[in-house]
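So here's one chain in two forms, each on its own in structure tokens, numbered structure 1 and structure 2.
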Structure 1
């Protein structure tokens, strides 16, 4: 039984897609012949100049629209054909697609092509996109799709392959949607792994680190889920519990990749939502990295997202630095204890100030993320955020003020319970939502972000993304879109023109001006 794994656009191109390399490792550990194909990276590397920025983060929306994707695929049909033939050339019995919201449309289209060329291949969709159960029905509306796995595929997928191979009953495979007498049935929830220690290593045989943009670092996800449940957060994992690899296991995997994948790898990015969700594993990991460096006589650096934790003492941070930690990224979000509580963000800002200072002493760079206008944020709460910034100014290396200020993401708890947070319903836009009392609007949030950035400049704190010099441009760009959304086209044009005066080459803004003017909307 042969399994092909496919990654469709749009996804990251800096390093191999984690979901795919993980699944490939798991399938191979079960003795299943597997080959991975990354259409996303293939198209990215073969893109023409006119499609240069399709992979930019802010262009993700393009890929959510099936018509746009279809048109794009038609325009690169020769490349698509080569790819499809490449997959079928492996003669797979089963083709698995790793699907998120941003890859759904493209996956459906490619699955259709494959099925058309080889109707015998079974198509399985899985991945984080199916945390949204509506995506399951959307998938089964496509005749080409046979199974959907809305769960961690580490054990479920090999089990499904095994059952198909021995022509067993797929209902025995928990965690599976399948077609049943004209409708769709679910086999039941799988038992999710409580520890990730027995997880097979990622497999980079087909998707080589060096074939991706960065080429010299390894991306690892050594835990799933988070220990906290912040109200604004949508980054959940299947199973919702925090599950992690022990320090021993993380070290073991790094050593493994050093000896197998590429000896060029000198750095690891941990994609964990909270690398230090369990402090014991961090200490063990660091001790092992110091005692048994993966590259003797050479350093191996790493960075991670972390939560503010009282056990991040100077001593622990120094151990982490000695183990190669060069940067920690903290989601600070606010300096107000009351607002943090409302956010269900479980830390004390005073401890955060201490941790950031100690990190600097230990030699670890820090990035702190902030958001503006979380429901209930008062002017006084915001002032406390500014005070917090002043307190960390001399020790923090970078701050990242959220460019969406406070986005209402689907699957977050404040999106699910807007009334609890005083948010006006129905929520018609994830960026432009308002509070019931009308005091918290998009422009209000934007203004706070600007004040925050101005203070950063005053204090000499580096702001991430190079927007430091263009706070006002950012304002015009965003407000132009905001007023366009509100159909206040005159005001929208005003902001777009202001922007264009300073950055006349910006294609997005030029197009907006043209669209609004051509439709004669501005006069409405």
Structure 2
């Protein structure tokens, strides 16, 4: 029995995709022959100049539209065919896709290509987004798939492969959706969730770190879920309570990869939502990294997403720095206590200022993430965010202003209860939602983000790479799509023409101008 694992765009290109390397390790631990294929990185490395910006974060909305993705795939059909033939050349019996909102459209299309060329091959979609039954129904309706694994694929998927290999009944595999007599059936919830300490180590055999943009670091997830319940985040909707690896387990895997994957690896990026959700395990991990460094006489640095926590004292932060922590990333979002309470984000801005300053003293760099236009944000709330920025300007290393400003995550609390947050319904677009009173719109959020970035420049605060195109091009690109969505085609063309004047090689913008003009929409 052979299993191929596929990563579709859009995804990161700095390191191998975490889902694939983790699944590959778990499947191989069960003796299953497995090979991983990263279409996202393959297309990125073979992209032409006209599609150079497709992997820029602020233009990721392109990948959510199936028609746009399909047209792009047609334009690079020769490259797609080579990739698909490479997957089928492995002769897999089962092909698994890790699927998120940003990869759904491309995964549907590639699954169709694979199924067309080999109808006997079984296709499996997996990912925590499928914890919502609506996403499962959509996947079976739109994709040529046979199974969906909604969560903990590292335990359910190997079991499914084993049952298929021995020609057993797939209904015995708990945590599985499958086709049954023309409808979709569910086998039932798993009895228990996988202990993260018992997970197999990640497998980088097929997806070498050297083949990615940054070949000197690894991505690792040492916990799942979050200890907070932020209204804008969908993680809690997926039913994954906060679970974490012990400090000992984290240390062991780092030592293993340092000595086996590549001698060039010098850094770990922890992808946890809240690495310090349990402070005891953080302290244990740090003590082990100090006492038993992964390779004697060599440094191993690391960074992590962290929550503002009172126990992040100067003493603890100094211990983390000694253990190799070089950066902590905090989801600050706003400097307004009232808005933070509305977000259900449980921290005091005054403590956040203290933590950021203590981190600087300890020698740890900080990145602070911000969003703009959360429902209910007033001009006064936004001014408090600017005041917060002024308070940390001399201590923070860089900030990241959200390039979606305040996206409406489909399974978040404020998506599920828009009336509670004063959001106009029905919600027809995750970026272009607006408040009932009309004061909070996409252009308003965009302008607040720009004002924030302007203050950053005045204060000498580095803005992290989010806008990889020029700021004004980013505005033109986003407002062009916004007004096209609103069917204000004349205004859409105005912004697309501005963009094209500076970047005439951009195929996406050129196609938009052609489509709107050819349809005569500008006069509507």
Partner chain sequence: MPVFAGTNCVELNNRLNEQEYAARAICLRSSPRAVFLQMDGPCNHDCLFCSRPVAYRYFNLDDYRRRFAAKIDPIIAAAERLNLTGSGELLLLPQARENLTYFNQFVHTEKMFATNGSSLTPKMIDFIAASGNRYVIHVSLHAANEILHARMAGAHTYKAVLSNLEYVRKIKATISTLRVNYIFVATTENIKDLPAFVHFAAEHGADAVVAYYNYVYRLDQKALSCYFAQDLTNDMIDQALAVAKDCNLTIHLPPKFHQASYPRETICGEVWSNLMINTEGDIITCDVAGDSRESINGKSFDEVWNGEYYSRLRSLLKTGNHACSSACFRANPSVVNDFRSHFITRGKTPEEIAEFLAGS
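We call the rigid core the largest set of C-alpha positions that still match within 1.5 Å between the two forms. Residue numbers count along the first chain shown, from 1. Since we're looking at a predicted model, the values are computed, not measured.
Student: May I ask which of the two structures is the form predicted together with its partner chain?
Tutor: That would be structure 1, which is the form predicted together with its partner chain.
Student: Quick check on residue 420: with the core superposed, does its CA move 2 angstroms or more between structure 1 and structure 2?
Tutor: After core superposition, the C-alpha of residue 420 moves 2 Å or more between structure 1 and structure 2.
Student: Please check if residue 247 moves between structure 1 and structure 2, taking a CA shift of 2 Å or more relative to the superposed core as movement.
Tutor: No, shifts by less than 2 Å.
Student: 2 Å or more on the CA of residue 479 between structure 1 and structure 2, with the rigid core superposed, yes or no?
Tutor: Yes, the C-alpha position differs by at least 2 Å between structure 1 and structure 2.
Student: Mind pulling the C-alpha shift for residue 310 between structure 1 and structure 2, with the rigid core superposed, in Å?
Tutor: Its C-alpha position differs by 2.8 Å.
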